[in-house]
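For reference, the chain that follows is the form predicted alone, supplied as structure tokens.
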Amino acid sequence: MIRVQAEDFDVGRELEKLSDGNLDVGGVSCFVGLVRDMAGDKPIETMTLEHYPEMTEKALAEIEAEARSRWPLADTLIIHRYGELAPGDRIVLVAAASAHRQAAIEAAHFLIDWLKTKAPFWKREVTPDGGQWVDARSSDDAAAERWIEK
């Protein structure tokens, strides 16, 4: 399941729904991303995330399909927020459910690594010095690189 939304989400409730009634699920692994309070040495006042809905949802569906093709998954979940967020707010939840923990853990790791580099979201941080767009990080690219099949 994929949701791109402005509203916050309840992690516990979302994870419960992911495996509810499916007794074949032996493990659920997840990652929750939060807005940090610092950008380098400057405090973040707000972060605004923008996206183009059709483009973003298509990219997320492709990422989810790739995970499902690599691991035996009972279900997956990607929730990504957009709009203005404050430090401590939840931005993203990715989760994978599988009969076995290793598949769930690896798939969740893959989902967040690819989401960070392949999903079209743009982030703008506002600090006391003003606003600036956040550039992609080379560490995110390096993390995603390990999942490229050779």
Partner chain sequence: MKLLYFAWLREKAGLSQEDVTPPDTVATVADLIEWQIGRGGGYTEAFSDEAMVRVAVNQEYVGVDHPVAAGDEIAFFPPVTGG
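What you see is a predicted model, and the numbers here were worked out from it, not measured in a lab. Positions refer to the first chain, counted from 1.
Keep in mind the form predicted in complex with its partner chain is missing from the figure; the text below concerns it.
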{"item": "Any non-hydrogen atom of A142 within 4.5 angstroms of its partner chain in the model of the complex", "value": "no"}
{"item": "Any non-hydrogen atom of M55 within 4.5 angstroms of its partner chain in the model of the complex", "value": "yes"}
{"item": "C30, heavy atom within 4.5 angstroms of its partner chain in the model of the complex", "value": "no"}
{"item": "In the model of the complex, H109 touching its partner chain (heavy atom, 4.5 Å)", "value": "no"}
{"item": "Stretch in contact, per heavy atom within 4.5 angstroms of its partner chain in the model of the complex, of 22-30, 110-118, 64-72, 95-103", "value": "110-118"}
{"item": "Selected contact from D129, E16, D10, D135, since only one has a non-hydrogen atom within 4.5 angstroms of its partner chain in the model of the complex", "value": "D135"}
{"item": "Stretch 65-100 - residues with a heavy atom within 4.5 Å of its partner chain in the model of the complex", "value": "H80, I91, V92"}
